[in-house]
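Heads up, what comes next is one protein chain in two forms, each shown on its own as structure tokens, labelled structure 1 and structure 2.
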Structure 1
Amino acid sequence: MRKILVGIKRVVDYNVRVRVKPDGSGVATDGVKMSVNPFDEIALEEALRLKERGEAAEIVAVSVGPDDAQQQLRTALAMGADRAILVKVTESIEPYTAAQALLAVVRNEKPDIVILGKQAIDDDAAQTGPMLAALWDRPQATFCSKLEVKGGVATIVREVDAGLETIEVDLPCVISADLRLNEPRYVKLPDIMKAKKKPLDVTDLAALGVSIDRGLATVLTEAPKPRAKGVIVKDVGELVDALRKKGLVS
């Protein structure tokens, strides 16, 4: 029976308006609400549905991050993951290192399907899925909005710029979840209690034989330039006049 591995990244909650630290060293995260990356909730939900349909036996949630990422893994366990693994790292890492850490876990766990989010809403990189697939030398199906698994093959509908693309890949494979793949379930209180008893293993990069790649360094973090304040017009006539003055309509 199939085993599914799901990536769970701890990120600043999507409702938080992040602030840049005045010294340019990064974004303020002290006391800020942290959550599971929204796309990873979608990834996990899809894994849970496969299991509920009898198409998967075990779901393992994996996070590469600080000790506190155990909170997000507990959330994943409460949603329904069977086990969790934290790969501890105290410094900030690029997706390339995250992909290497996930590869090491994949080598140990031998999943049939890895489902990640299409992007993490902190770095907005959208790299880890394709990187993991490349390092693992397996297929990738990014921006997935529909997934069907039969035997050793997965059929994936992808949200691409032109519309919807369907591809077919052999298992094992890496899939990245897009917004419309599903709507993740809410966690219920009894499930949070149950999740406390589920296994959560903690390891670290060194134990997995992975070192942090320093090939790309962030040297400065700045606030974006604000847009100039606009005006409120009183009616359609004023709006059209203003647009004509700017030469935007004839």
Structure 2
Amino acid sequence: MRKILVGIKRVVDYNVRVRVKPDGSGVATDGVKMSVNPFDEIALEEALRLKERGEAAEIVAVSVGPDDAQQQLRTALAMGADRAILVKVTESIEPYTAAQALLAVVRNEKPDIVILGKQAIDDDAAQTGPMLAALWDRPQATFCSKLEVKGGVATIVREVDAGLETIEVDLPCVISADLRLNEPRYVKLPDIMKAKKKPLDVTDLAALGVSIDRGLATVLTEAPKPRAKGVIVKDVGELVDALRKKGLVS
């Protein structure tokens, strides 16, 4: 296996409390800490482990996002990716456009495996990986919690509703990483310094022959309504009466 391509998305850090803009037009990001999507970190960690076992020669990190996403790509390079590619966009895009952009990169790079996080924590769409596999006309394995590669076949253990499912897919393929696949490594300062010298190429959608295709329109963004204060009841009868008043039981 020669090359693994890993998708990296810039998102609001998972430790940050997300706030909605006063006009309801979206989420406030000014002055907010941004990080690599946690599931993408897991995807990159798995690619690094495959390389360390001698099962890959090169790891390419790819992001489709604003110019500031170079910061997250540098983090990926510090973790151990060999080089990075930024497909620069100046506005938010939907998973289909992201998949088209990744497909264009895939056709140029010709990787053996594309590993993405199973979903991004900003939109929770979980659509980019399956869309890329469909556009690329290659097999996919989603929600991967264990991965082994031997020859031209990848064996994946998937987390499904009924438990665990083991499947085999031929390479090249698309894999999406689940939470329990691994624990990403800690980035050290020397690695951050070395990452500054690693190649990071910047292109855009036009150069890749991709146009933004919008199928959805965001009408309004609202914060979740605060939970009502709990009530302590003396016994089951009082509980039933309270539920009946709320129309929850008849």
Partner chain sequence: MSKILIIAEHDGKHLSAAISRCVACARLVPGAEITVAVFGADPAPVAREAAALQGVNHVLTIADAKHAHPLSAVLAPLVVELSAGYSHVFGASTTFGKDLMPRVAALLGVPQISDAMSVESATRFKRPIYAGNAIITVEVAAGRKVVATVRTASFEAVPGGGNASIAAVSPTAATPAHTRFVALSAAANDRPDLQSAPRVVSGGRALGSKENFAIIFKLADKLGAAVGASRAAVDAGYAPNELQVGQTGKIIAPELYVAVGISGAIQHLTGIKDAKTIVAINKDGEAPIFEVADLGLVGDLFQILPELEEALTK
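Under this definition, the rigid core comprises the largest set of C-alpha atoms superposing within 1.5 Å between the forms. Numbers given to residues start at 1 and step along the sequence of structure 1. This is a predicted model, so every value here is computed, not measured.
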Problem - Which of the two shown structures is the form predicted in complex with its partner chain - result: 1
Practice task
Return yes or no for Val233: a CA shift of at least 2 Å between structures 1 and 2, with the rigid core superposed?
Solution key: yes
Handout entry: Rigid core fit then Val18 CA moved by 2 Å or more between structures 1 and 2
Key = no
